[in-house]
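First comes one chain, alone, set out as C-alpha cells in the form predicted on its own.
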C-alpha cells in the first residue's frame, strides 16, 4: 500500500494540513516541537486505528476543538485505490471509513495498511520489561493474521473472567467452574504461543545477518521464547502445546487459588536475546542495543512483507541523532530497498546526499519542499 495523500484536521498542533507524498522515502525535518511526530502519529492511526503515544483518543484532538479527522488516499497496484478516513470526537467516539463505507469492526480492518514504526521509545524494547516485548509481538502478528488478533481479544477477556472467578471466596464455585475457563484459555492461548513461535523461528534464521549488516561485525545473535509453560521440547511440536498448557494449569491450580490470579499463559511469557550464547541485556553496550532494535524492526518489516505480500509503511521518528555513522549507513542501505518510508529528523544535513528522497521542512504548522 502506498500513501499518496494525507489530510489532517484538528490533530494535535495542526488545525489543518494536507500533504502529497512520494512513493519512496519522505523526509520531514524541522525543529523540536513543530509537530513532526504528530504527522507520523496520524499515519499510524490509519494503520492501527490508534496512537503510539497515548491510549486516549481525546488527547489527540487539538486544543479547544471537539473532533479530529484524518483522511488519506492509498493505492495498491494500478487498480486498487482506497480513501481511508478516521474521525473521532469525545461525544461520538471513533469511526473508520473505507471509500465512504463505515467499518464497524476495527479488528477486521487491522492489516489493511501494514505499518512498522521505530521511535526512541523502541530502544527500550530489548532492555525493558516483558510487556514491551509481548506488545511488539502482538502488534506485529495482528497485522498479519486477523485470527491472531481475535484469539488475543478472546484470550484477554477469558483471562479477566478467569481471574474474577479465582478471586471468589467460595472455593467450591471456583472448583466447579474453572474447567470452562481453562478450556477457552488453552484453545486461544495455545494458538497465540504457536504464532509467536513462528516469528521467533524466523528471527533465529535471520537476526544475526541483519544485526551484522548494521554493525559490520560477525556476531552470533540468538532468540529464545521463554514460555510460562516451561519445557522447550513441548513448544517445538506445536500440537503438544495445548496438552502442556492443560497439564500446567492443573499443577498450579491450588497456587492460583491462593494468589487469586492466572499465573501461566502467553500473558506471562517473554523473549530473551543472546549474543554468542550470553544474555544480551547483561553484556550489551548502548550501541549494540541500538543495533539489535534496528535489526528487529527491519525483520518485522520483512516478516510482514513475506506473510502478507505487501510492503508495510515504515515510520522512523527522530532516531538519527541516536545513531553513529556506521549504524546510520546500515539503516540508509536498508532504505534503498524499502517501499514507502517516512523519516522525521532535526538533522536535515545528514540527508543532503540522499537524492532518492522527497524532502520537506515543517515550520509554523506548514510543510514546505526542502
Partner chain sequence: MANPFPPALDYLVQQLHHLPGIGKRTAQRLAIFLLKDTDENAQNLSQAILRVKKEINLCQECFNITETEVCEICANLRRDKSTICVVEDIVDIFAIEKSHEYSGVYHVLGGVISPLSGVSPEDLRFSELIERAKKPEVNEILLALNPSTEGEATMIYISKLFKSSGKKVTRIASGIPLGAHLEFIDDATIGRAILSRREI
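Positions refer to the first chain, counted from 1. All figures in this text were calculated on a predicted structure; none of them were measured in a lab.
Note that the form predicted together with the partner chain isn't included here; everything after this is about it.
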Inset, instruction - Verify the contact flag for residue 72: yes if a non-hydrogen atom of it lies within 4.5 Å of a non-hydrogen atom of the partner chain in the predicted complex, no if not. - result: no
Inset, instruction - Find out whether any non-hydrogen atom of residue 168 is located within 4.5 angstroms of the partner chain in the predicted complex, and reply yes or no. - result: yes
Inset, instruction - Indicate whether the partner chain has at least one heavy atom within 4.5 Å of a heavy atom of residue 250 in the predicted complex. - result: no
Inset, instruction - Answer for residue 121 alone: is it within 4.5 Å of the partner chain in the predicted complex, judged on heavy atom distances? - result: no
Inset, instruction - Identify which of 186, 154, 200, 174 has a heavy atom within 4.5 Å of the partner chain in the predicted complex; exactly one of them does. - result: 154
Legend entry - Listed residue that, although the partner chain is not shown, lies within 4.5 Å of it in the predicted complex (heavy atoms), from 227, 158, 190, 262: 158
Legend entry - Per-stretch contact check against the partner chain in the predicted complex, the hit in 216-224, 278-286, 177-185, 137-145 (non-hydrogen atom, 4.5 angstroms): 177-185
Inset, instruction - May I ask you to list the residues of 18-52 that have any heavy atom within 4.5 angstroms of the partner chain in the predicted complex, in sequence order? - result: none
